[in-house]
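Take a look at the C-alpha cells below, where one protein chain is shown in two forms, each on its own, as structure 1 and structure 2.
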Structure 1
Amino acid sequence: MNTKHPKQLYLLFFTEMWERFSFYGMKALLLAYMVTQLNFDEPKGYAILGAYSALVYTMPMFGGMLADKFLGYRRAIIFGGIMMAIGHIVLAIPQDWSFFYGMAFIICGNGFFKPNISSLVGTLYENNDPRKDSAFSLFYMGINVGAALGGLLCGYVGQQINWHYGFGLAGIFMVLGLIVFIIGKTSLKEKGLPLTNKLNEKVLGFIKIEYLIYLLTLVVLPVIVTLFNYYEALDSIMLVLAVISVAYVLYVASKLEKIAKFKLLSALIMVVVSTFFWAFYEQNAGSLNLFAMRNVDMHVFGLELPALSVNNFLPPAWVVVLSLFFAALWPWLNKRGWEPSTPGKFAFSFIFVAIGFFTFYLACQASLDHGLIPLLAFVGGYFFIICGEMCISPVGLSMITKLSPVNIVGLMMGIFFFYTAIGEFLAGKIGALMSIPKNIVEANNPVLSLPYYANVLLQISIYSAGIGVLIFFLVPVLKKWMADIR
C-alpha cells in the first residue's frame, strides 16, 4: 500500500498553518485587548468574544455554499485569505472604528477560507483511499502548529510590546499563507476549480456573478458590525440557523437517489452528534481556564507556571504530538483489518473524552484535603481529551468529503463548522454550571472550590461515556447507510 502523501498536501498544510497562526494569534489578544485597551467591562468583553466566535464559524456555511455553486475552492480560499489579511491589518490601525470592522473582515474571510481549504484536502484522495484520514490528521497538525505558535508569539508581542503590533504580526502571517498558496496552487492542476461555469455569467446584464459575490460580501461587513451591538440576539439567530441548515440538508437529501441520500444522512447525524464533543471540549476555553488557575498545582521544580498559558498551550501541543501518531495508526490498523469505521472513531472519541474528564475528577477526589491537583494529572487528562479530538475533528473533516455529494461538500463542511459553534454555545451553558459562588471565589481557598469542579467534571465524563456507548449502538446502522465508505 502506498503510504506516501502527494506533495499538494504539504502546500495546503503550510497555507492552513499560517492562516491558523494569524487566526489564533489574533484571538489570543482579543479579550485582554477589549478589557484593558477599549475599557469594556468583563461581561461585555466575554459577550463580544462569544459573538465573534459564533459568527466566525457561522459564515463557513455561506462561504462553502458559494464555493460549491460558483467560485470553486481555490478562488474562495484566495478571496477569504485576502479578506482575513485586510481584517488583521485593519485591527493593527489604532483607531476606534477599526476594531469591529477588523473583526468583520476576518469573520467574512474565514467563511470563505476555512471550509474550502479543508474540502480541497479531500480532493487529493479517492474516497476509499486509506490515506485520507491520515492526510487529515497531518493537515490537523498544521492547524495546531499554527495555533500554538500564533497564540504564543502574537500574545507576547501584543501584550509586551504593542497591541497593534500583535494584530499586525497576525496579518503578516496571513499574507505569508496566501503567498504560499498562490505560488503553489498551479500544482493542484484542475483540483479546486469551479464545478460550474456560472461564475462568468452576468447578472442584470452587466456584472459578473464572481464580482457580485465579492461586492455583496463587502455589503455584509457593516451588517456584521451592527450585529455586534445586538449580541444578545445572536443565540436565537444561531438556533434558527441550526434548524434551517438541517432542514436544507434534509431537503437536498430527499432529492438524491437512495445510496447518496443515506450517505448524506449519515454525515448529517455525525455532524449533529459532534456538537456534544465540542460542548465538552470547549470547556478548555472556558471553565478549565479558571480550574487551572484555582485548583491545579502549577509548580514545577520550584517554579510557578502561568496557569492560563499552560491551559491554552496544552491542547495544540498534544495535537501536534498525537497527530503524527494517529496519521500512522490509521493505515497501520487498516492493513490488519482493524481500523474502526468513521462512526466507530466518533464513538471512541467520546470514550476518550470521558476518560480525560474522569482523570481530572479522580485527581480532584485525591486532592480534596489540600485543593490542588497535580500538574501531571492535568496534562494527562488533556492527553485523553486530545486523543478524542483526533478521533473526531480531522476524521469529521475527512468524513464530510467522503459522504457528501460533490456539489455540496463546501456547504456540508460549513455546516460541520457551524455545529462546532453550536457546541461552543452549549459549552458556555455547561461552564456556567461550574460557576463558583462569589463568597468562595473571594475566600480564594482551593479546598472550597475543588468540590464544585469535581462534581461537574464527573458529570461531563458520565455524559460523554453515555453518548459514546450510544454511538457504538448506532455504528451498524450508520455503516449500512455509508455503503462502500468506511
Structure 2
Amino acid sequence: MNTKHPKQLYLLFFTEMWERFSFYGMKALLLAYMVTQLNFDEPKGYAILGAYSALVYTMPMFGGMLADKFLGYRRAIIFGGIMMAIGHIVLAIPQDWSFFYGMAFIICGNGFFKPNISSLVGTLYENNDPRKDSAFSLFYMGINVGAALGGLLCGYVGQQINWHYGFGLAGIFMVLGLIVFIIGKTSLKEKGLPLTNKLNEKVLGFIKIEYLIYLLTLVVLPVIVTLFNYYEALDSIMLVLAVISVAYVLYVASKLEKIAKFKLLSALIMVVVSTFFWAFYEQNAGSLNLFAMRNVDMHVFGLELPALSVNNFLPPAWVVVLSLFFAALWPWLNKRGWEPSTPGKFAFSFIFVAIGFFTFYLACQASLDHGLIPLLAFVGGYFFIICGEMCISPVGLSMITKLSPVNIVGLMMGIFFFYTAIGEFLAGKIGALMSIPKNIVEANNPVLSLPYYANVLLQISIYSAGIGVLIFFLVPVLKKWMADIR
C-alpha cells in the first residue's frame, strides 16, 4: 500500500497555512480591539464577533455551490484570496468606516476560499484511501501552523505596538499565500477545474456568468456592513438559512439511490451535531481572550507574557503538535482494526472538550482567593480541547468528501462550514453570559471577575459531556448508514 502523500498536498498545505496566518492573526485582535479601542460594551462586542464569525462560515455554503456549478475550485480560491487580501489592507486603514468594510471583504473572500481548498484536498485521494484522514490531519496542521504564528505575531504587534499594524501584518501574509497557490497551481493538472462549461455563458446577452459572480459578490459587501449595524437580525437570518440548508440536502437525498441517500443523511446529522462543538470551542476567540487578560497569571520566570498572544497561540500550537500524533494514530489504529468510526470520533471530540473546560473550572475553584489561575492549568485545559478538535475538524472535512455525491461536494463542504457558523454565532451568545459588569472591569480586580467565568465554564463542560454520550448511542445507526465508509 502506498503511504506517501502526493506532492500537491504540500502546495495546498502552504497556501492554507499563510491564509490562516492572516485570518486568525486578524481574528485574535477583534474582540479586544472592539472593547478597548472602539469602546463597545462587552455584550455588543461579543454580538459583533459572533455575527462576524457566523457570516465568515455562512458564506462558504454559497462559495462552495458556485464553485461546484460554475467556477471550479481553482478560480474560487484565487478570487477568494484576492478579496481577503483587500479586506486585511482595508482593516489596516485607521478610519472608522474601515473596520466593518474590512471584515465584509474577508467574509466574502473566505466564502470562496475556505470550502474549495478543502474540497481540492479531497480530489487527491479515492474515497476509501486510508491516507485520506491522515492527509486532512496534515492539512489541518498547516492551517494551525499559520494560525499559531498569526495569533502570536499579530496579537503581539496589535496589542503592544499598534492595532492597525497588526491588521496590516495579517494582510501581507494573505498575499503570500495567494502567490504560493498561483505559482504552484499548474501541478494540479485537471484537478479543481470547472466541472461544466457554463462559466462563459452570457446572462442578459452581455455579461459572462463568471464576471456576474464577481460583481454580485461586491454588491453583497454593503449588505454585510448593514448587518453589522443591525446584528440582532442575524438571529432570524441564521434560523431561516439553517432550515433551508437542511431542506435542500433532504431534497437532494430524496433523489439518490438508497445507499447514497443514507450516506448523505449520516453526513448531515454529523454536520448538524458539530454546531454544538464549535459553540463551545470558539470561546477561545472570544471569552477566553478576555479571561486570559483578566484571570490567568501570565508571569513566567519573572516575565509577563502578553495575554492575547498566549491565548491565540496555544490552540493552534497544540494542533500542530497533536496533528503529527493523530496523523500517525489513525493509520496505526486502522491497520489493527481499532480505528474509531467517524461518528465515534465525533463523540470523543465532545468528551475531550468537556474535560478541557472542566480543567479550567477546577483551576478557577482553586484560585478564588487571588483570582488568577496558573498558566499551566490554562495550557493543560487547551490540550484536552484541542484533542477534541483533532477528532472532529479534520475528520469532518474528510467525511464530507467521502459521503457526499461528487457533484455536491463543494456545497456540502459549504454547509459543513455554515453549521460551524451557527456554532460561532452561538459562541458569541455563550460568551456574552461571561460579560463582566463595567464597575468590576474598571476595578481591575481578578477576584471579582473570576466567578463570572467559572460558572459558565462548568456549564459548558456538563453540556459537552452530555452531547458526547448521546452521540455514542447513535454510533451503531450512523455506521450502518455509512455502509462501506469508515
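By rigid core we mean the largest C-alpha set that fits within 1.5 Å across both forms. Note that the coordinates shown come from a computational prediction; the quantities given were computed from them, not determined experimentally. Numbering for residues begins at 1 and runs along the sequence of structure 1.
**Student:** Which depiction, structure 1 or structure 2, is to be taken as the form predicted alone?
**Tutor:** Here the form predicted alone corresponds to structure 2.
**Student:** Fitting the rigid core first, would the Cα of Leu250 be found 2 Å or more away between structures 1 and 2?
**Tutor:** Where the cores coincide, Leu250 shows only a C-alpha shift between structures 1 and 2 that is less than 2 Å.
**Student:** With both forms fitted on the core, give yes or no for whether the Cα of Lys44 moves by 2 angstroms or more between structures 1 and 2.
**Tutor:** Shift of 2 Å or more: yes.
**Student:** Is Lys263 displaced by at least 2 Å at its C-alpha between structures 1 and 2 when the rigid core is overlaid?
**Tutor:** No, the C-alpha moves less than 2 Å.
**Student:** Would you mind giving the Cα movement of Asn439 between structures 1 and 2 in Å, after fitting on the rigid core?
**Tutor:** Rounded to one decimal, the shift is 8.1 Å.
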